[in-house]
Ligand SMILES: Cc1ncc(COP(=O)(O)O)c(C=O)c1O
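Take a look at this single chain in structure tokens; it is the form predicted alone.
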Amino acid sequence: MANRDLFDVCKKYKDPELVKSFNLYPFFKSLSASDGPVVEYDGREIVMLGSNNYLGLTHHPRVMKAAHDALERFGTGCTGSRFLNGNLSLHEQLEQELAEFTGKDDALVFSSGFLANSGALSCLGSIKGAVVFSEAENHGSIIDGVRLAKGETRVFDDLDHLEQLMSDGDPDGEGWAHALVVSDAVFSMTGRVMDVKRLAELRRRFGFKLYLDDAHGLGVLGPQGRGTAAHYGVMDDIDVLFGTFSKSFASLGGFVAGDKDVINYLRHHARTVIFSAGLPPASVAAALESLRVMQEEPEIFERLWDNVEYFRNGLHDIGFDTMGSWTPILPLYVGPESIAFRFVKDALDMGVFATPVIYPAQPYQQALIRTSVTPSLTRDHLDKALDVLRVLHRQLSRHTKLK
């Protein structure tokens, strides 16, 4: 049989061009400026409802100054792996304060959240005898990390399924000390919050190690934004806590925190640390200052939750189903993918930026519009957004059954 050209699949991939031909392509929008709650697109000011800037700190004066000062002191980049020549005192200060903030022995900073998850999980999941249990809706970085792990891997649909797998797989009652259970704490598209309290109870019962991805919970849930496990009062049951700096921490990068021995092992074995350049100084400084602002300016959380309640109530008054989310992530159910594409285009034309959530992130023909709320949005911003969404809801209700 003749060999097929490797790039034939690439050449035949025309889906984006098809959507673009209908002027409905919703991705890679080029923003020319931003002040946080408002961005500039195509020469127009747009209210930003599609951001993960949950505390609005990307333009906080303290955070911007810290980044600028680090740039002046250290330059633009580390130009090498932290393992060799790219380790800064800033990295170590951030790790120390993250460990204190999360109540863990130690922390390890990576150059991106994706590198943190994929590196830590592939490393821990490759320890001899390891079995990794991964929640079905976990983030792509978790999925890739688990795929790279050399140990056995299993996927669970929900906590009932996990309990069943644990019970059925241990008929002799020897326990699961060799197992690592991995789950998102807050699911990024729907705002669904994992029942971390029950997850902790299962950990105590079966003895597995628990890895919690709290990318969308840290800085939002719990006292001073200490995260989902802190919200449920079970932080001591989290063996490895993952967080990212590209959401509430107003920067770039990621980290894991846990027992000193575990973090030390990852520091010397995780390939995404050893073979990646260190996180740039300005990014480290921005994350560090954001962490300090969280602990020193409680009014940010008051504004956040006031906005969340105000906007969620407004969405419900219009008639949208937000799928029970009580986080700053407020999804709007719309149905078919084509409706989602039209929705975000019309919203953008009317001055509001939101993002579509389509298959395979959602089941086919069950698309969502993902909106998110920050404390930097004013009531005028939120009212404008609600006015636009009210018009779109009315228009689209004529063509599809909106829940």
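Sequential numbering from 1, following the sequence displayed. Note that the coordinates shown come from a computational prediction; the quantities given were computed from them, not determined experimentally.
As for the form predicted in complex with the ligand, it is not shown, yet the points below apply to it.
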Could you check which residue among Ser325, Thr153, Asn307, Ser246 gets a heavy atom within 4.5 Å of the ligand in the predicted bound form?
Ser246
Going by heavy atom distances of 4.5 angstroms or less, which of Gly125, Pro331, Gly278, Gly253 would be at the interface with the ligand in the predicted bound form?
Gly253
Contact of Ser141 with the ligand in the predicted bound form (heavy atom, 4.5 Å)
yes
Is the gap between Asn117 and the ligand in the predicted bound form 4.5 Å or less for some heavy atom pair?
yes
Hey, in the predicted bound form, is Gly258 touching the ligand, heavy atoms inside 4.5 Å?
no
Should Gly113 be classed as touching the ligand in the predicted bound form when contacts are defined as heavy atoms within 4.5 Å?
yes
Heavy atoms within 4.5 Å of the ligand in the predicted bound form: which of the stretches 70-78, 291-299, 171-179, 209-217 has them?
209-217
Can you name the residues of 169-206 that have a heavy atom within 4.5 Å of the ligand in the predicted bound form?
Asp184, Ser188
